[in-house]
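The form predicted alone is given below as one chain in structure tokens.
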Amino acid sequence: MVHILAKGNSLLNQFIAELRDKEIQKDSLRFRRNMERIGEIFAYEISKQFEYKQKKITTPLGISEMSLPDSKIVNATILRAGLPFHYGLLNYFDSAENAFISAHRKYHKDGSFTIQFEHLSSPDIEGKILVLSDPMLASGASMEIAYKALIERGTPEHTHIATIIASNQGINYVKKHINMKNVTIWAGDVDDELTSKSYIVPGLGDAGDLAFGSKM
């Protein structure tokens, strides 16, 4: 199952447009805040898929019976670009446990690259809802590595893969290399083109650099 949220008309499209805009991108604070706001919207949409149970809430004037989420959540992201998006999700999934994956592209002299996995910090995810976020799903290789590292910590009840901008190639790669049983992909928007260096076009550029500054 793949959900593309930009297909509907909502404020999400405004926030994604600002992420893409090369002039607005010059304000890194606004860039991070837009990623965070998008994370909050994703959390709201994803929460509709959770299990719920009835709970009695005592108010000053009586008892209100409400349907509340009944899922244990692990909120995971790939460092460093995923942090603002992650925080947006965490603003709504505020009781979630958290996991962090360190992985980056290692470029070779011929211009090709491999994904270098370095570190994983994660709780047990057995039987829990895993929300794995990365703002860009380009080639899909980083997401595959992150997911397979995480499931060594247990088998989640369901996995929600969340990305702000995806390429069609990235989505197809994930569907091919990850067992999609009990996995849902959520994309803000999907672009058709992926360059030979695996940059999404039109995309938005390097999300990590735009959020936190350039790296060596």
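All residue numbers are counted from 1 along the displayed sequence. Just so it is clear, the model here is predicted, and its values are computed rather than measured.
We do not show the form predicted in complex with uracil (URA), though everything after this point is about it.
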Determine whether any heavy atom of residue 136 comes within 4.5 Å of a heavy atom of uracil (URA) in the predicted complex, and answer yes or no. yes
Quick one: does residue 206 come within 4.5 Å of uracil (URA) in the predicted complex, counting heavy atoms only? yes
So in the predicted complex, does residue 199 come within 4.5 Å of uracil (URA), heavy atom to heavy atom? yes
Which single stretch, out of 136 to 144, 121 to 129, 95 to 103, 72 to 80, brings residue heavy atoms within 4.5 Å of uracil (URA) in the predicted complex? 136 to 144
